[in-house]
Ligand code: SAH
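Below you will find one chain, with nothing else, as structure tokens; this is the form predicted on its own, and questions on how it binds or moves follow later.
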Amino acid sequence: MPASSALGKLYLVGLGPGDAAHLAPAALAALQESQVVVGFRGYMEQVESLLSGKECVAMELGQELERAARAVAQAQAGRTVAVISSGDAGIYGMAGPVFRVLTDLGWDGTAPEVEVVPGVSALQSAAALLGAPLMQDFCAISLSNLLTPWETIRRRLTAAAQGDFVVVLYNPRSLRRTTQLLEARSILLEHRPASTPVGLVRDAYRPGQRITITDLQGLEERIALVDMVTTVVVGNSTTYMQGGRMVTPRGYEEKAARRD
């Protein structure tokens, strides 16, 4: 990769769930330092008040590699660039596409400099609003088959269900993808009770926030509440409801003692 006479820098920034109160100080500092901010149009709008005087490159969903290439080119030219993601940049965010572009260009690890700035992820935001569902081993699975074959996703769901993981589902349902969540429900029902708590968190910590508690049995009836900005949290065999909150005890012994 050719280096500019001035060393550029790329910040890969996670914005958290969207409100200023949950924007990490390091992420704010990266935005303030950057000359150029690149991101999905909707995320740019979330931090519009912080972007005065900066060059803003807003693109649409589906243009992730284009965003990454544009950001890398700007950094190669010696500029300081922030590539923004919702939640955490390294969890289904823009860190992957940027490193993909850098890899294709033979990046040497130094020019441009790259710093990944962590943010509050969607699974953390959802868990906080639901109670304490992630206190044992858990996994995150995206139900989007745009980049991952559905058969691969099915295998991962089956393994998670067999392993009694608490499961966090990203990208659960869209206008074109309407069957994947129901199939995931069927797989999970093969290995855990229909009464297993399920939390649906839409637009966490944003003006349209909506929290719905159901169970695997009732999830089918509430499928219309789920879209691409919804995070679905499915409990494991020990997860229970207390005071309207989902709770997964820290260990299996604790759940057994609570039942005695």
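Heads up: residue numbers just count along the shown sequence, starting at 1. Everything numeric here is computed off the predicted structure, so don't read it as measured data.
The discussion below concerns the form predicted together with this ligand, not included here.
Undergrad: Which residue, Ala68, Val198, Ala30, Ala204, is the contact with this ligand in the predicted bound form, using a 4.5 Å heavy atom cutoff?
TA: Checking each option against this ligand in the predicted bound form, the one that comes within 4.5 Å is Ala204.
Undergrad: Among Ala140, Ile187, Ile91, Val116, which has at least one heavy atom within 4.5 Å of this ligand in the predicted bound form?
TA: Selected option: Ile91.
Undergrad: If you check in the predicted bound form, do Gly87, Ala122 and Thr231 all have a non-hydrogen atom within 4.5 Å of this ligand?
TA: Per the other structure, all of Gly87, Ala122 and Thr231 touch this ligand.
Undergrad: Of 68 to 76, 96 to 104, 167 to 175, 152 to 160, which is the one stretch near this ligand in the predicted bound form, taking non-hydrogen atoms within 4.5 angstroms as near?
TA: Contact-bearing stretch, as computed: 167 to 175.
Undergrad: Going by this ligand in the predicted bound form, which residues of 15 to 37 come within 4.5 Å of it through any heavy atom?
TA: Sequence-ordered list has one entry, Pro17.
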